[in-house]
Ligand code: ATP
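Here's a solo chain for you in structure tokens, the form predicted on its own.
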Amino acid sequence: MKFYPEIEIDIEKAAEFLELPPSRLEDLIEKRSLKRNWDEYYNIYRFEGHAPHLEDGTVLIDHHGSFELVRGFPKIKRAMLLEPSIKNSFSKINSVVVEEKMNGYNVRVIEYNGKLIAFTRSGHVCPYSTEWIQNLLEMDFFKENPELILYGEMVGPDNPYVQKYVYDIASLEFFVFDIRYKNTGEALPVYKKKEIAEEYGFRQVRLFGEFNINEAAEKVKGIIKELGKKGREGVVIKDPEMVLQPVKYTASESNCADLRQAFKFYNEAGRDYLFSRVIREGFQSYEWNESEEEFQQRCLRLGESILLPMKKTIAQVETGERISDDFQIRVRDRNVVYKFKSYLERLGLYVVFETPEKIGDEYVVSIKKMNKSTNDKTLAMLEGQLWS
């Protein structure tokens, strides 16, 4: 048996808990697919990359030789054409539930050593999200349901990952979209989740209703059009019992908003990220059988979302200005500011934090996330370098 000083875990016991051969777990450790969290969370490990039968971002907690899992976010596939996708994905049931897909960032919340902590999608314990969760939620649910995990969306303008001003939220809020069991990741049925969330006073993503399979596509189309007008993201279509896998679908305005942000930092954005959003527009336009005027509006919206931010980026760099992603955070404990800065830097981000400003009982901090690749690439082009 090999010894891994950076992974202080009983390989045999952990492998037995995970139902893996010890050699397979050792292989994951050697490939750095299992990593420790930082600081006081050193007994919490996260799976990065491919691990058998586990979602990326799954968390393994070592309670001194006994273990529990916080499963990662199940990958939700996307409908490109609504009607055939709904009928194909939910052919075994008669109706589906439609909930809003809010535009923020996912966190999973559990109780750990007497405090609430928040895991990001990748399985890190985010100090900023954790402070907010500790201020937003009470411990009652977690004491009375230690086997359950809250899955939710952090939404609002004081969001360091996805800044959105389309919701009636002053700073930051947490909206529950799933409640799942530890270890298995099994989800509670939609209406059971709703009942529990109401009992404990949790904010929830909006439930639009339950629709017969044969009418669901047209209902979702109407919902999506209204959400798009408000600049919101889209919907998640679910089996009420949460046995079948959910399906997601987004508004054109949300696709274009993503593209506007991505093309501002065009050399950081992945090509798959950009291309997939353009493809969504083509399929949606086809299925909705748009008029010529509607189609032209879509073309204009899509084209502007690509070209306008790029043109602005080029103009800014030419004047000597460094482009950055600007946002702010709001905390009660000043120490969280420095923990969060360290956290972002450990993730490999180059961030510039302004001096915290005391406003009432909170500290507000302006932050610039510098995007070196796009800055450097644009400057090189302006100086005559060829695209390769």
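None of these values were measured; they are calculated from a predicted model. Quick note: we count residues from 1 along the sequence shown, nothing fancier.
Just so it is clear, the following notes concern the form predicted in complex with adenosine-5'-triphosphate (ATP), a form of the same protein that is not shown.
When adenosine-5'-triphosphate (ATP) is considered in the predicted bound form, Ala251 lies well away from it, no heavy atom lying within 4.5 Å. At the 4.5 Å threshold, heavy atoms of Lys264 stay clear of adenosine-5'-triphosphate (ATP) in the predicted bound form, well away from it. Using a 4.5 Å cutoff between non-hydrogen atoms, Phe177 counts as a contact of adenosine-5'-triphosphate (ATP) in the predicted bound form. Taking non-hydrogen atoms only, Phe73 approaches adenosine-5'-triphosphate (ATP) to within 4.5 angstroms in the predicted bound form. Between 131 to 139, 194 to 202, 281 to 289, 101 to 109, the stretch whose residues reach within 4.5 angstroms of adenosine-5'-triphosphate (ATP) in the predicted bound form through a non-hydrogen atom is 101 to 109. Note on the partner interface in the predicted bound form: the residue among Lys115, Arg78, Lys225, Arg298 having a heavy atom within 4.5 angstroms of adenosine-5'-triphosphate (ATP) is Arg78. Screening Val236, Ile149, Leu259, Val220 for any heavy atom within 4.5 Å of adenosine-5'-triphosphate (ATP) in the predicted bound form leaves a single hit, Val236.
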